[in-house]
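Just one chain follows, in the form predicted alone, and it is written as structure tokens.
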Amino acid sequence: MIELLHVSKTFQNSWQALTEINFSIAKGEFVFLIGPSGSGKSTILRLLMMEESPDQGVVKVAGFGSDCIKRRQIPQLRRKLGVIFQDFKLLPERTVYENVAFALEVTGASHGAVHKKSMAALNQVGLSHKRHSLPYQMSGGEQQKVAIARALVNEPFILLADEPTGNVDPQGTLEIIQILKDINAKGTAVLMATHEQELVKKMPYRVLMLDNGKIEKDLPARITQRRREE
């Protein structure tokens, strides 16, 4: 489903962002991507969205490869991805419902499909009752839930989350993590980039540890081990 093979990326001023990155993510996995600022987490996410191309190696996502994808195919790929950002990226002049619906409207979906799927996504994150609110009327945690609903509305096969709890209070963080767990339990893969190692330690999922653009550790999910101990 997702595979990075010998991927390296260098930016201006000879900054080596990634060096020889190799990993794959299977259908339905929940994977944490952790490391300090500048370790390469966001670069990996941009490569998966095909916003950037590797200097070496190949990035494969949902049947598309960075070595052969056409520019006109990139929007097709991105419709298969759900993306959540630290700063929400909501449209400030649009209501909660309109922010979510917009992600479907740009694909040419019918009015009926837009309404049905948008309301289902808002129900999934527990915000259907605030569908007429504007972003500034909501807390950071609620805004992030709207962003998650928007990411879900196209029924992506994987959710890419870039520091989704970075601008959220502790209670909001717990709620967002629970939503991501519920989404994953229904079969959607989740790749969450974060620097919050204490949060990651409490979860049983696989962890990719980045440092200076290299994968230092690939720790497997602890679910199997936990079940044995029980």
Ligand SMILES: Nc1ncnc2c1ncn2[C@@H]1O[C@H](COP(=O)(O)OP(=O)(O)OP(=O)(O)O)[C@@H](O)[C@H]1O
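Since the structure is predicted, the reported quantities are computational estimates derived from the model, not experimental observations. Residue indices: 1-based, along the sequence shown.
Not pictured, yet referred to below: the form predicted together with the named molecule.
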{"query": "Partner proximity in the predicted complex: A17 to the named molecule, non-hydrogen atom cutoff 4.5 Å", "finding": "yes"}
{"query": "Contact of T188 with the named molecule in the predicted complex (heavy atom, 4.5 Å)", "finding": "no"}
{"query": "4.5 angstroms heavy atom contact with the named molecule in the predicted complex for K60", "finding": "no"}
{"query": "Distance check, G38 to the named molecule in the predicted complex, heavy atom within 4.5 Å", "finding": "yes"}
{"query": "Among the candidates S42, S53, N184, N167, the residue which, in the predicted complex, approaches the named molecule to within 4.5 Å (heavy atoms)", "finding": "S42"}
{"query": "Candidate stretches 24 to 32, 170 to 178, 42 to 50, 66 to 74 - the one whose heavy atoms come within 4.5 Å of the named molecule in the predicted complex", "finding": "42 to 50"}
{"query": "Contacts with the named molecule in the predicted complex - residues in 143 to 164 whose heavy atoms fall within 4.5 Å", "finding": "E163"}
